[in-house]
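Just the one chain here, the form predicted alone, laid out as structure tokens.
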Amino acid sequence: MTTKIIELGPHQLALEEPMYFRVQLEGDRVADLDVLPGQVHRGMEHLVMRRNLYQNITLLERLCSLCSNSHPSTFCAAVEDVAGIAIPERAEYLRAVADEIKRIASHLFCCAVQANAIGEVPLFRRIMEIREIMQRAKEAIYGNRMDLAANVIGGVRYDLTPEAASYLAQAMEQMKKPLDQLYLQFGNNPVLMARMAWVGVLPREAAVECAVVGPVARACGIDYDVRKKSPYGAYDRLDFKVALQTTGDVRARNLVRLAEARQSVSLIEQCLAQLPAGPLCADTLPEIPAGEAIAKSEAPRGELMYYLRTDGSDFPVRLKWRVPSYMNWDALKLMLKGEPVANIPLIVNSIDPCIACTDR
């Protein structure tokens, strides 16, 4: 059997970010894989130590676009832990609303990209049309379609007026039927099943060994969601079930994402129904003492962790974060082994890699 090595970049992989692979082939099948990161390294961990804690909220929101709210909210949680700041209850709910809006938009974008990767252009357009409901909601409520600027240390910087809450509730109502239809389409459409079922399989045992997180893990039957296992903010008062599949293939990853998007609609509705009156931010902020803390959240791609160490000044001594794509892309070797070359773009996009978060 002929063995050869090829290199694939973002154009061949249908990625919007620069990610490169060195792929060893046996015939037309993948035998081995090396991920070649480092193409968008910006020295972010150095830059955050040259800015004070308040300036870093703005910088961290620009780590990436799709999960941009998760970075500043998790960072703020770490600072609040060090300083012993309790944020108002209304702010907890508003943070959850912002996170869930971003989760719906992120999951739909990932499903749309995969539809495009297999040539299902009408489905790609349909998903992006549905996603546009969320983009308009973001623009109307936060004034921006990507970076929400929703978080500050001690609370949030935005509020939902009764008119805004009513508008958001209407948007959630518009999302329900299309999301239910998409779930059925990805689950039962023969064309999609032929391209996605039993493709890029990651067995549960291998998923545990690779310590994958987020929808990639839950598609393998791993019942782990930070919002359930370590509830933060308002999530201990919200009712939802962890979306699970067991086959560990591309189809299962998409079904988990679509189920989670539907759950996010319910979570936002619960937040709107339970939203208490009160301040948006702690009245006074104490001096940030010397200390260290770890905060984590469930970002759209999975568990996001922040480590912060302070020395009593406004500048962090150390700030480090672990993003879900770092844990997930190592499992690509197992998902791709034995797969034809033509399946590589689909399988790579099925883990929803974020290169900007990971290379930083």
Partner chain sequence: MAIQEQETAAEPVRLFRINTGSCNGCDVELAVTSAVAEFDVEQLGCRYTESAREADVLLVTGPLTVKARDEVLRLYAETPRDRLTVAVGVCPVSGGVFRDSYAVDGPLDRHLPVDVNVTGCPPRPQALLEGIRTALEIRKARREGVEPIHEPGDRKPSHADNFPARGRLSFDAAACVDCRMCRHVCAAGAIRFEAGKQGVRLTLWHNSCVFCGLCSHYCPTGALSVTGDWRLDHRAADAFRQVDRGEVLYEPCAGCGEAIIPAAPQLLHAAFRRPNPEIEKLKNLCPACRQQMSIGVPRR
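Nothing here was measured: the structure is a model prediction, and the numbers come from that model. Numbering follows the first chain given and starts at 1.
What comes next is about the form predicted in complex with its partner chain, which does not appear here.
Colleague: Is residue 132 close to its partner chain in the predicted complex, meaning a heavy atom pair under 4.5 Å apart or at it?
Modeller: Yes - in the predicted complex, heavy atoms of residue 132 and its partner chain come within 4.5 Å of each other.
Colleague: Against its partner chain in the predicted complex, would residue 116 count as a contact residue? Criterion: heavy atoms within 4.5 Å.
Modeller: It does: once its partner chain is placed as it appears in the predicted complex, residue 116 has a heavy atom within 4.5 Å of it.
Colleague: Check residue 28 for me: does it contact its partner chain in the predicted complex (non-hydrogen atoms, 4.5 angstroms)?
Modeller: Taking the distances in the predicted complex, the answer for residue 28 is no, it never comes within 4.5 Å of its partner chain.
Colleague: Taking its partner chain as it sits in the predicted complex, is residue 269 near enough to touch it, meaning that at least one heavy atom pair lies within 4.5 angstroms?
Modeller: No.
Colleague: Which among 254-262, 147-155, 269-277, 183-191 is in contact with its partner chain in the predicted complex, heavy atoms within 4.5 angstroms?
Modeller: This holds for exactly one stretch, 147-155.
Colleague: To verify the annotation, which of these, 282, 197, 128, 164, has a non-hydrogen atom within 4.5 Å of its partner chain in the predicted complex?
Modeller: Going through each option in turn, the one that passes is 128.
Colleague: Which residues within 38-72 place at least one heavy atom within 4.5 Å of its partner chain in the predicted complex?
Modeller: Counting only heavy atoms within 4.5 Å of its partner chain in the predicted complex, the contacting residues of 38-72 are 38, 39, 40, 41, 42, 43, 44, 46, 47, 50, 51, 52, 54, 55, 58, 59, 62, 63, 64, 65, 66.
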